[in-house]
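Just the one chain here, laid out as structure tokens, in the form predicted alone.
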């Protein structure tokens, strides 16, 4: 196992928890350490427990674990919430001058650092910097060079003036010096090693936005909704530099229709939302498919149904993405499995959308969307991005796709199901499309023979994709193991780390992580070769387990987690051991 270190700050919403955590995560990243973060936050502007956790190591880390080494507690509840993860030698930094913290009792086996955060922040220029004082104290408690924190503070506050940056640097040093002077004999064993490595730190939403720009997206329309909003905020101010536009619509209905309009005009277009927004977009989704318009729709899933728990993890929208909408709608559903794959799968989603003139769902989830993780810069090699706009015709080739009278056929019946596409302004390419059933020229029809031809043509595009594209799963672990673990989405990283715990106990498993949910790989041979198959996912009913049972005609065991919290590596390893040992009829609810 990597020699990792786990840090967290907790308090109430509105206490600056998120920004403080990101500052420390960036400082660690700039010091050449790998970082993996997680957030626990309430769906309100102020009040309610919120926390930001950082796991860091000089080696790659892919998940969170049930352990905390240093905790910055701004409220008593922060300590209570994390007691199970604190251990002998854990450091708790708190402000005993605060009325709510005055009677806090630190467990005997732990180290309490009572630091007057607010008073020291006021000495540096303002009480608002109390969290930065805590970061300085944390630097001292972990022997972490505070100059790395300086660099992160400059990045965070640099656009607000040098004076503010210097004030924050001073606040951090006051926290550091206070621990030096008042706790010289404290048994602080932590020593965060630094390296010369250079890493990029970003979350899944940002990676989707970056992938959209790399793919040539020129139009984004969306409505703010947790946890998809960061896709829009990342694009705003960046996509304009590449000739693109971001539009904040009045609701999700308007968002998808705006995006549809831009796509009809020839622009690579997308929208992003979460489950409630997908509900509203479903009718237009059918229009997108019937009109054979390429469009990318990111569903960043959260706990449902209804409003549910907007800031909590879940993978409950799979059935909706696979089957949602009246009638039979051809589609693609891609599920990035890691933060960096959010980038590459977004690029691929745009290519699939245009190659097959079909809507594409990009199925992300909250755990991936808000998790910041470090990557080497070449993980996002822009030179490796390929753009395929599909079967686009121009003035020289359009005659091959016209009627005898010169009418263009945007819904031409073809062997592969993919019709020619003419961008607006292409001479001889004027045409119409409608949500009504139509003929090859897009004109409405109720002719029974043409109806069958058009339905078959649209469905044939998916079969063509099965033949032409590589929809293979990602594989980890022992390829010859008798036990097969299958998962999808953000569970991959946690499962890969759980392998290390399982291998330590001589439990051999083969892992298949499936990024293509429709069309998806045929796993029949893999299932037949395994003694036991376990499907891991974050929903209550085992939606993907149902799908693969249907595909393979084989029963599987299930590990379902639906408490709003993502899997942790050590927890998941325990669940897998228990499931493999259980009777076949048993299921494990994580």
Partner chain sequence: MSSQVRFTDFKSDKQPTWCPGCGDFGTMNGMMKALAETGNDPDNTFVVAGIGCSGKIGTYMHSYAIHGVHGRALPVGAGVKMANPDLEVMVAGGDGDGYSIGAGHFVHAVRRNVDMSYVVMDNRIYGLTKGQASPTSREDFETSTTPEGPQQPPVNPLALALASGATFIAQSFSSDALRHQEIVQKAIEHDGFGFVNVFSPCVTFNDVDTYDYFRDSLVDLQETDYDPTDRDAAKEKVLDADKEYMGVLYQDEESVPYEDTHGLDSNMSQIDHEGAPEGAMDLVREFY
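Positions refer to the first chain, counted from 1. A quick note: this is a predicted structure, and the numbers were derived from the prediction, not measured.
The protein also exists as the form predicted in complex with its partner chain; that form is not presented, and the subsequent description refers to it.
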Contact test in the predicted bound form: residue 39 vs its partner chain, heavy atoms, 4.5 Å: no
Is there a heavy atom of residue 268 no more than 4.5 Å from a heavy atom of its partner chain in the predicted bound form? yes
Using 4.5 Å between non-hydrogen atoms, is residue 422 touching its partner chain in the predicted bound form? yes
4.5 Å heavy atom contact, residue 291 to its partner chain in the predicted bound form: yes
Among 238-246, 498-506, 305-313, 484-492, mark the stretch whose residues have heavy atoms within 4.5 Å of its partner chain in the predicted bound form. 238-246
Counting non-hydrogen atoms within 4.5 angstroms of its partner chain in the predicted bound form, say which of 154, 466, 87, 443 makes the cut. 443
Since exactly one of 216, 473, 325, 417 fits, which has a heavy atom within 4.5 Å of its partner chain in the predicted bound form? 216
Suppose contact means a heavy atom within 4.5 Å; in the predicted bound form, does that hold for all of 200, 380 and 435 with its partner chain? yes
Of the residues spanning 473-510, the ones with some heavy atom within 4.5 Å of its partner chain in the predicted bound form are none
